[in-house]
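Presented below, as C-alpha cells, is a lone chain in the form predicted on its own.
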Amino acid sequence: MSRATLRTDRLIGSAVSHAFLLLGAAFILLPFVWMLLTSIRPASEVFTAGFNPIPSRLAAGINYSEALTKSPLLQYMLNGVFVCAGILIIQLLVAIPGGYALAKLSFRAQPVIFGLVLFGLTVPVQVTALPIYIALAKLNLLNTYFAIMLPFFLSVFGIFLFRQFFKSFPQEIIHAARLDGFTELEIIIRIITPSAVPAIAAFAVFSITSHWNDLYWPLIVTTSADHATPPLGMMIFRDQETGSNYGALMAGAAIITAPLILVFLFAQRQFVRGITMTGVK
C-alpha cells in the first residue's frame, strides 16, 4: 500500500471520527440551545405549530427582567454558592487525608476500608435519606443550610478519586519528608495537597455541578424560599409567579446554568489533567 493511500485512509478515518464527535456534541448541546432560544421568544410563540427555531421578534428583555424581578433568583444563586462551597470544603478536608491514607499508608484495615469505599459508591443518596431526615427533624435542624449540606460531607467518590491520584505520587518524596521530621499531617498540607491541584479541580467540577443541580434533597429538608437552592428556587418561581410563561422560566434556567459553564471553562485544563492522572474514565 502506497504512502499516499495510507495518508488518504487516515484523513478519511479522522474525518469520520470528527463527524461522529460533532454529531454527539450537537445532540448534547441541543437542549441548551433550545433553552436559550425559548428564553428570548415571546410567550405567544413558545407552543406555535411547526418548527421555527428563530423567533419572529425578540423578547429577551421582558423574559430576563421577569426572571430577575418576579422572584429572588439572585438569592437562590447565592444560596447555591454557599451550599456548594460549604460541601466542597468539608469534602476536601475529609477526602484528601482519606485518599492519602489509603494510597500511601500501610495498616491492617486498609483493604477493608477501601472495600467499604467501593461499596459506598454503589449506595444512592435515596437509601440514607429517611434516617438522616428523621435525625435532622428530631434535632430541629430542618430548613437550614446545614440540613442541605450534611449528607454530602463524606464523599466516597472523592476518597476514591484522590486515592487513585496519590497512588502515582513518588513514595521517595514522602520517605524523604519523614526523614526530615515531617508529620503525616504536614506531609498532607505541605507536599500532597499542592501536588493534587488537578485532582482537586476535577473533583470540584463534579461536586459543584452535582450539588448546584440537586433538587431531591433540598426539596425534602427545605420548605422555605429563604434557603432554596437554584433548582428548588426555579420550582417555587414556576408555581408562584410565572404560571405558563415558559420564556421567563427558560430565562431563569439560563441564568442559573451560566455559573456552571463558567466554572467548567475556568477549570477545564486542570479538570482534564485530573481525570487523566487519576485514571478515572
Partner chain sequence: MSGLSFNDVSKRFGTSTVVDRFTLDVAEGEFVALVGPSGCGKTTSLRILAGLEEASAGQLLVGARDVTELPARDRNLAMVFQSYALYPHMTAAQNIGFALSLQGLDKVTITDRVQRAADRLAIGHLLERRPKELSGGQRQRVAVARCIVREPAAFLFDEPLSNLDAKLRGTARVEIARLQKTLGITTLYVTHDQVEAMTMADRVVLMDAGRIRQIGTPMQLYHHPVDLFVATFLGSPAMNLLAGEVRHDRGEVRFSAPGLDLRLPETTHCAPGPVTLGLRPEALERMPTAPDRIALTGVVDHVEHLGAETLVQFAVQGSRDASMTARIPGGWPVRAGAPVTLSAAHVALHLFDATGSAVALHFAGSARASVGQRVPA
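Numbering follows the first chain given and starts at 1. Fair warning: this is a prediction, and the values are worked out from it, not measured in the lab.
Below: the form predicted together with the partner chain, not depicted.
- Among 176, 78, 137, 93, the residue placing a heavy atom within 4.5 Å of the partner chain in the model of the complex is 176.
- Site annotation in the model of the complex: the residue of 208, 191, 73, 102 reaching within 4.5 Å of the partner chain with a heavy atom is 191.
- Remark: residue 82 does not count among the residues lining the partner chain in the model of the complex, judged by a heavy atom distance of 4.5 Å or less.
- Though the partner is left out of this view, residue 183 does reach within 4.5 Å of the partner chain in the model of the complex, counting heavy atoms only.
- Residues placing heavy atoms within 4.5 Å of the partner chain in the model of the complex fall in a single listed stretch, namely 168-176, out of 124-132, 199-207, 83-91, 168-176.
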